[in-house]
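One chain is shown next in structure tokens, namely the form predicted alone.
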Amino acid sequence: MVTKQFKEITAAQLYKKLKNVRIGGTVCHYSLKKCQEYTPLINAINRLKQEKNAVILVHSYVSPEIVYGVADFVGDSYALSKDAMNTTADTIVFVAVKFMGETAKILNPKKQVLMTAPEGGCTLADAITAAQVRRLRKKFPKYTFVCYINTTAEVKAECDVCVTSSNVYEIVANIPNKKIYFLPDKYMGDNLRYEMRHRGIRKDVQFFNGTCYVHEDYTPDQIFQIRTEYPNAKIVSHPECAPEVCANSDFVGSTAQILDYMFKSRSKEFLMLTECGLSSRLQVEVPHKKLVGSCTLCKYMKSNTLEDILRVLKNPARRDIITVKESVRRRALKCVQAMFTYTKKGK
């Protein structure tokens, strides 16, 4: 079995874990009463996943009762990609958005992959289609096409190398071709172009015009205001933010890298410019540190619920089951495997 011996969690135990979460609104505020509502669902899910030899992979942006109640693995897209590849479970339940479930299916064609989000979209993944990539390849025939993991299986199948926010700079630096076309995030593409120049690496980086709606609204003005009110606060941001936001941040990185930075930093105050899921993880795991300013909820990630996880484990509907056409999967697999190959080369 992939899960540890099942042991029921009590409402008091869950409340002790989540009581420090204070992001605002009902989604990220926990009372003992709310925990009493959650624990029967959590225990039912944990019991059922053990019976079915299922593993639950959860992105850090998902709501805390899921992260700390039922997840077997929690992390960013890169870490979860490796977890999906290494699991011995018969069924993978991906609690995130659809492109992540597709990546798990690409890596595990013989396993059942289930998605729980009723709104499993992503503004980046939805920004570009395979047909658009094919047209771009004709326009830029000498370029290596690098796609962010936030893309559909069909788009990955048209590209050469997949990357995540944690490894994009190292992978592009290691690609022999000087001509790079990055898609779909224009801000990450612009940040990539800047980083290559900063490292003294000559690359002709072209990029698409997609954006993440969570990150595109952050501005330098927010940073300047926080620095005035909280001069000791550290500003951390995700590379999906605009270049001028990243340039004025103390640290820029993936969700996992941001968490690691905040955990290890001597600073006690942070402005975190990414999705609110990281805020709740900080409040649970290092509650003596303080968040200032505000974060933003991703409606797609937060559409995942305990009720849907239980429903999908019990009796998945057709829309819950991730399928990828085999001809697409094989080509997309080469793109994803190239990510792991270049990551190893960089070490």
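Values in this document were obtained by computation on a predicted structure and should not be read as measured data. Counting begins at 1, following the sequence as shown.
A second form of this protein, the form predicted together with ligand 13P, is not displayed here; the remarks below concern that form.
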Practice prompt. May I ask you to state whether residue 49 is within 4.5 Å of ligand 13P in the predicted bound form, using heavy atom distances?
Written response: no
Worksheet item: Would residue 144 show up as a contact with ligand 13P in the predicted bound form if we use heavy atoms at 4.5 Å?
Response: no
Worksheet entry | Interface membership of residue 104, ligand 13P in the predicted bound form, 4.5 Å heavy atom rule | no
Worksheet item: Does ligand 13P get within 4.5 angstroms of any non-hydrogen atom of residue 100 in the predicted bound form?
Response: yes
Discussion item. Exactly one residue in 237, 191, 165, 116 has a non-hydrogen atom within 4.5 Å of ligand 13P in the predicted bound form; which is it?
Written reply: 165
Response to the item:
Checking 72, 195, 160, 76 against ligand 13P in the predicted bound form, the residue with a non-hydrogen atom inside 4.5 angstroms turns out to be 76
Response to the item:
Per contact check vs ligand 13P in the predicted bound form (non-hydrogen atom within 4.5 angstroms), the hit among 83-91, 221-229, 136-144, 237-245 is 237-245
Discussion item. Only counting heavy atoms and a 4.5 Å limit, does any residue of 249-270 reach ligand 13P in the predicted bound form, and if so which ones?
Written reply: 254, 255
